[in-house]
Every structure is written in C-alpha cells, then in structure tokens.
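In the block that follows, a single chain appears as structure tokens, in the form predicted alone.
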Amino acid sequence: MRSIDVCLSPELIHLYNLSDKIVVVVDVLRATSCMTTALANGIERIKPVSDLEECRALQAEGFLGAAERNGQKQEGFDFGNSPFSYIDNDVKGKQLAMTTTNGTLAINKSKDAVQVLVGSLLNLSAMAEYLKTRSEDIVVHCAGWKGRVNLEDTLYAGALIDALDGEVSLENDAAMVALATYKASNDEFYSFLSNCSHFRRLSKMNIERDLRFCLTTDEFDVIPVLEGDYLVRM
C-alpha cells in the first residue's frame, strides 16, 4: 500500500525525498484557498512568486497582482489574500501573480516532486478522489506560519488522510498527529480553530467572512496543479 506523509512546516521539507512523490501544498488561511477560488472563477493561470518585487514586475507586464505579508494586502497591488477578490471581481481569462507570507514559499520548495497540487478545504473531496487514481506516495506540505507549525494546515492534512482511509498507510508520527487533530475537531472547524494563533491573528483584521469561507468544505471541484512555473486548473 502506498503511504502518506505530512511535513508540518516548510522548514522541514528538506528532510523529505520528494523525487518520486506527489506533494499537496496547503495554506488554509488563506493562500491555497485563494488559489483554488481564483482558478474556479476563471483565472487562467497563477504564478506563485516568493518576493514582492517579482510580483510587482509581473503586475507591470499585465498580470493581476496579489501580495500579502503578515495577513495584510501590500500597497500597490490589485489584491491581498482574500478569496472574495476572485468572486467579487471579473477575473475570467486573466493571469495572476501571487506572493504570500507562507503559501507561495511552500509551493516553491516542493518543485522536486513528481507533481505539485494545491489543497484546501474548499476542494477536499476532489483532491481525495484524484489521489485515489494515482499510485505514488503522497506528502502533504503544510505552509504553517513563518516556519512554525500551525493547527489549520495540520487539520487539513488529517482531513485528507481520513478521506483516503483504506487507500494509504501512515508514514510517520506527523501523519498520526494530523489525523488525530482532524478527528478532535468533530468537523466543527470554525469553533475548533477559533483559538489557534493564526485564526486569532486574522480575526483582528475583521475578515470573518474570509475565515468562514476558507473553512468550508467542497465548494469547488477544481484542483490547481503546478505546470512549469504556473498553477493551472487540472
């Protein structure tokens, strides 16, 4: 039986051999939720970049620019890190350059994998169903917060493991921790996560609408996949 492993922080990803694995990158609050929403609402492709200057240069070339640091939209860019940017605005057929504190970094650190996918609670079932068709081992790469482990991405990893029950074996203790975290939530994600550090950090910004949306399961059947330097809709 193939295995599933969980990397709880990008600071640990160097410990994992990704060359023969599928990596699912997750940043529930909010980067990968935004990416899923953007492609579901007509964005043609997304270039995840690590720094503000590259994002700004691409915006000057005609890309939409989305830039976030410490939860805040950065000055001079079209969007910050809200999924509603792609619901409330006409983005169909446009290209997006995106840089965030954690999520885009995790994607760029995963490029040695056979395939890099973007996961969120918004596409949880679609992701699980797709992974059931593949034979490779899986690593869930949690974006965390500035190198630290966070609860919401760990919970997602556990939810995906649960959805793949009977299809995969747990590779190590991180996968066991993730599964236990998910089961402890009793599928009440909003209340379960309400005291976690990033949730409290974002709550101070009055973005409850974003938080509730990002913690909703199965809004979309879209799976973002990395092709070259761009995320596209599978």
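The numbering used is simple: start at 1 and walk along the sequence shown. The structure presented is a predicted model; accordingly, all values stated were derived computationally and were not measured.
The same protein also has a form predicted in complex with a further copy of the same chain, omitted here; what follows describes it.
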{"query": "a further copy of the same chain contact in the predicted bound form: residue 53, any heavy atom under 4.5 Å", "finding": "no"}
{"query": "is_contact(residue 206, a further copy of the same chain) in the predicted bound form, heavy atom dist at most 4.5 Å", "finding": "no"}
{"query": "Residue 76: touches a further copy of the same chain in the predicted bound form, heavy atom cutoff 4.5 angstroms", "finding": "no"}
{"query": "Non-hydrogen atom contact residue 14 with a further copy of the same chain in the predicted bound form at 4.5 angstroms", "finding": "yes"}
{"query": "Selected contact from 110, 81, 154, 99, since only one has a non-hydrogen atom within 4.5 angstroms of a further copy of the same chain in the predicted bound form", "finding": "154"}
{"query": "Stretch in contact, per heavy atom within 4.5 angstroms of a further copy of the same chain in the predicted bound form, of 32-40, 45-53, 62-70, 166-174", "finding": "166-174"}
{"query": "Sequence-ordered residues of 176-196 touching a further copy of the same chain in the predicted bound form, heavy atom within 4.5 Å", "finding": "176, 177, 180, 181, 184, 195, 196"}
